[in-house]
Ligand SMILES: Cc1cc2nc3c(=O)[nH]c(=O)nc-3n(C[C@H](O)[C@H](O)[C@H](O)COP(=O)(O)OP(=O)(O)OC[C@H]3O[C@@H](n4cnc5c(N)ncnc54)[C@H](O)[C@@H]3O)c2cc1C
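Let's start with one chain on its own, the form predicted alone, as C-alpha cells.
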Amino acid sequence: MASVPLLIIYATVTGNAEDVAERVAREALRRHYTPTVMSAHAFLRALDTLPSWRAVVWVASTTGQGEAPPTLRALWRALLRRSLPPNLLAGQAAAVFGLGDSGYTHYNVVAKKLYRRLEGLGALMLGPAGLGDDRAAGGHEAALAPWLTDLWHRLRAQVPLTPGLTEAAPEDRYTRPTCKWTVEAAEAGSCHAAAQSAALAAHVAIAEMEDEAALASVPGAGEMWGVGQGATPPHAHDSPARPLTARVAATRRLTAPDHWQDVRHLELEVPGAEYEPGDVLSVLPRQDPAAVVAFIERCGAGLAPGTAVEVRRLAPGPETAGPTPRHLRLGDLVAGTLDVAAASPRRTFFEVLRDAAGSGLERERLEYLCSAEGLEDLATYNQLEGERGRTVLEVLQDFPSARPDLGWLLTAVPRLAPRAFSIASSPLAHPGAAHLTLAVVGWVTPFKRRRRGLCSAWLAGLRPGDELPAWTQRGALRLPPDPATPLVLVGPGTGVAPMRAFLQHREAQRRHGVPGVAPSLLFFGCRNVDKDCLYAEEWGRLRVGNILSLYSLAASRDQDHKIYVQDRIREAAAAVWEALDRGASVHVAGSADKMPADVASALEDVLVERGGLPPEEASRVLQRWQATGRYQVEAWS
C-alpha cells in the first residue's frame, strides 16, 4: 500500500540536528510515512522539487550570534528571493524544530526565521516551531518528545491514514535505529590516498556518499531560483574536497608562560590560498593515533588499522541504488570520520549499544537511558565529565558487552567535524600565508582528569616544517569596499584575530599608495596587561602610524572592579560617535555568551547620548546596520 512521502531537511554543525532528523524519520516509518532525510547542503541539488512535497519537516540549529549553520546558508538565500510567489508552498504541510541555547541572546533565531519564511511562502504550518534548548534538563530532547507527539497528530489531520493501514499505538515508543553502512575487509592494496591527507580523503568520501544516497531517493534533482546568484564565486580551495597543503612557518605563545590560558600565534605558508580579510581557514582535526588504535581494537572485529575495507552506503529504498562503494584504510576511516575521543555521543549511539549489548544488566541500563523516563539521567550520565561530556571511547568502556559492528558504528558515532579559525592576517600584507590566533582549550573534569581541546591542542603541538591540509572559506566579517570608511573594531581575546587582518590590510593599502585610507578604532579586552594582552606591540606601532586613531584596552582583572570592552566604548563615546557619524562600519568578534549583546547595548548608548536618538530608534538603527552589513558580528560558543 502506498504511503505518503515525508521530506526531512536538517542543518547542523555538531550533528545534533541530524540526529533529530533521523529520529523523526524513524517515527515517521512507524506511522506509515516514507521519509527522505537530507542535509540542507545536499537538498540544494533537489531544490526544484520542494513545492511538490506534500509534507516537509525542517530541523535547524542556531550557531554563534544567531547564525545559520554553513550548510543552510545557500538554501536560505534561495528561500529569501523576492521573486518567489507567496503561494509557492501552498498545499504543503510544514513543521520546524530548532536547536539552540537559551543562554544566548538570539536563542533559536534560525528556526524562528525559517518558520516565518515558510509561512510567508504559503506553507500550512503544523503547530508552533519546536524549540530545543541545550540548557534544559534533558537537553533538546526534552522539547522534542512533546513536539513530535503534536506533530504526528496535526500531520495525520492533514494526511489521513491510507485505508487498510493501522495507526501505531500511542504506547508503542520503540523505534530501532536503521543501519546505513556496511564496512568489510577488502583486497589489500586497494587504497591509494596519500598518507598525509588520507584521513581527510576518508572524511570527504563518507560525506559524498551520504549526499549521493539522499539524492538518489529524489527523482529529477536539479537547481532552481538562481541558487548562488549574488554570492561570492567559489575558488579552487574552498572545501575539504579541494584542500591546500599548509606548512607551518612559525609558532609562538602569545600569553605569559605562567598565564592560565595558552594562546598561540601560528604562521602558515599556504601557496595558492585565496582569501580576504575576515575569511576563515578550516582544518580537519588530527585525532590522537592512540585513541584511533584503541577504538579499532575495541570495535574493529579483529581488523588492524592498516586493513583495507570496503565501505558501502546502503540504498535508502528498494527502488534506488546505493552510491559506489569506497575502499579506504580502516585507520583512515576512523581517524577522518568518527570523533571517538572528543565529542559526546548522542541518544542514537546508546540505542545502538542497547541492541548490541550481550549483558542483561547492561542492556537493561541502556534501555532505561534510551527511554523517555531516562532522558534526564542520560543527559546527566553523558555530561558527568564536565561540559563537553563523556567520549565515545569512555562510553564503550562502561558497556563492555556491547559490540556493534563497524557499519552500526559508522551510522551512530558522531562525525568528526572540521574546525574553522578566523585568519589573523591580510593577503595583501602576507601573500601566500595565513596567520591564526588560537586559544588552547583545556579543563579539569570533576574526576580531576586533565583534558585539552582536540583541534587546538593538535595545532599548538605543530612545529615549523609540519604540513596539514586546509581550505579557506568566507567568514562572517567583511571590510567595506571603500578604504576611506572608518572602522570601529571590537575584539576581546582571540576575537581580535580578524581585526588584526583588517588593520594589516589597511596598513598595506596605505603602503601601496591607496589614497584616503581612514584610521580605525580598536577596543581590545583581556584579563591582565602583563599576561594576555595579545599583539600589544603591533597595536602600539599602528597607533603611531595613525592606522589606529584609538586603541582602547580593557584589562578586566587589573583593578578592583572589572572593566570590559563595552565599558571602554562608553568611555570613548565621543570618538565612537565621530566615527559613526562619518559612516564607520562596526565589526565585533569573540565569545557568543554575553559580549555581543553588551557591546550592542554600549553602542546604543552612544547613539542616544551623542547622536541624540531616542532609545527605541537607536536599537532600530543597529538592526538596520546589521541587515545592511554596516554592523557585523562573528561570535562562537
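Numbers follow the displayed sequence, beginning with 1. None of the values given here were measured: they were computed from a predicted structure.
Beyond the structure shown, there is the form predicted together with the named molecule, which is absent from this document and is the topic of what follows.
S.K.: Using a 4.5 Å heavy atom cut-off, which of 241-249, 525-533, 407-415, 492-500 contacts the named molecule in the predicted bound form?
M.R.: Stretch with heavy atoms near the partner: 492-500.
S.K.: Can you pick the one in 147, 539, 471, 421 that has a heavy atom within 4.5 Å of the named molecule in the predicted bound form?
M.R.: In short, 421.
S.K.: Only one of 464, 272, 431, 442 comes within 4.5 Å of the named molecule in the predicted bound form by heavy atoms, so just point that one out.
M.R.: After the contact test, the surviving option is 442.
S.K.: According to a 4.5 angstroms non-hydrogen atom cut-off, is residue 453 in contact with the named molecule in the predicted bound form?
M.R.: Taking the distances in the predicted bound form, the answer for residue 453 is yes, it comes within 4.5 Å of the named molecule.
S.K.: Residue-level question: is residue 438 within 4.5 Å of the named molecule in the predicted bound form, judged on heavy atoms?
M.R.: Heavy-atom contact with the named molecule at 4.5 Å: present for residue 438.
S.K.: With a 4.5 Å heavy atom cut-off, would you call residue 280 a contact of the named molecule in the predicted bound form?
M.R.: Contact check for residue 280: yes, within 4.5 Å of the named molecule in the predicted bound form.
S.K.: Since the partner is left out here, which residues of 607-637 would have a heavy atom within 4.5 Å of the named molecule in the predicted bound form?
M.R.: Result: 634, 636, 637.
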